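Encoded as structure tokens, the following chain is the form predicted alone, with no partner shown.
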């Protein structure tokens, strides 16, 4: 099976700090990494390849820092990587990002399965998987937490379908999907592996292709800020009104905190 895994480069959310006077997040200079959803998708692709053979291609759009970030995907077990770096990709909305990924997948050509995070750690919109599926005219399932490869014969030599369990909050929905297909996965799917040192050292020797907008046939009228229909008006942290009460004695502090919470209606007697 040839599997394409779409990975998104996001800032390290744990290192975000908030400006106290403006409530704006400070994101300049923060390290970039792949989120848990993307790593789970890549881990599942590697597991499928280990059983059924084939190739795993990691695909990502982002800044020049991707040249280093993508090595993590190669170290985990991806066979090759395609990174898309071009100024016109910046500030794309969901449609623009999906269009870049879909055009790239069309150029790759041979694939049986497209895996990606159902949402991303930074925006969590859940728009990219269905948009890619629509652009490529493929079946799509989201909120997937279990994947099983199904074949038409006992030898499992030519997988034609996959069976997935879709998280419906209060239940699981089991669906069989013809391949090729687009699958959006959740973080419950698996636990991504940690690449050993030997794999990290070998990652830089694996094939890595860097493409620009001309390579996939997109223009500034289709992607980026010019094509975006979404305008961000503000991005502020919620107002936090702290009372600033400090209790020096632990036992007395616990009693006073309980009383205060009861007065606020948070706790009832």
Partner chain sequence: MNFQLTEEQQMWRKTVHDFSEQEVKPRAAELDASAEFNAEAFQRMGPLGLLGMDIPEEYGGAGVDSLCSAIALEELGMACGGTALSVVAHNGLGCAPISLFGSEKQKRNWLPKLALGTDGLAALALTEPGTGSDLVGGVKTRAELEGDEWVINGSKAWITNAGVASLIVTLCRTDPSGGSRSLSQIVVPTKTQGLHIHPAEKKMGMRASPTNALTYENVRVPKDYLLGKMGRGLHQTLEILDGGRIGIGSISIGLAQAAINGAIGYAKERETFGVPLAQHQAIQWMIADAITQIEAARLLIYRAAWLKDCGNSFSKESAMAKLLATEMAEQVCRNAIQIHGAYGYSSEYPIERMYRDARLMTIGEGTSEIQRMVIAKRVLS
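As the structure is a prediction and not an experimental result, all values here were calculated from the model. Numbering follows the first chain given and starts at 1.
Quick note: we don't show the form predicted in complex with its partner chain, though the next part is all about it.
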query: Candidate from 112, 86, 72, 93 lying within 4.5 Å of its partner chain in the predicted bound form - any heavy atom; finding: 72
query: Contact segment among 230-238, 200-208, 54-62, 22-30, judged by heavy atoms lying within 4.5 Å of its partner chain in the predicted bound form; finding: 200-208
query: 4.5 Å heavy atom contact, residue 68 and its partner chain in the predicted bound form; finding: yes
query: Its partner chain contact at residue 133 in the predicted bound form, heavy atom, 4.5 Å; finding: no
query: Residue 194: touches its partner chain in the predicted bound form, heavy atom cutoff 4.5 angstroms; finding: yes
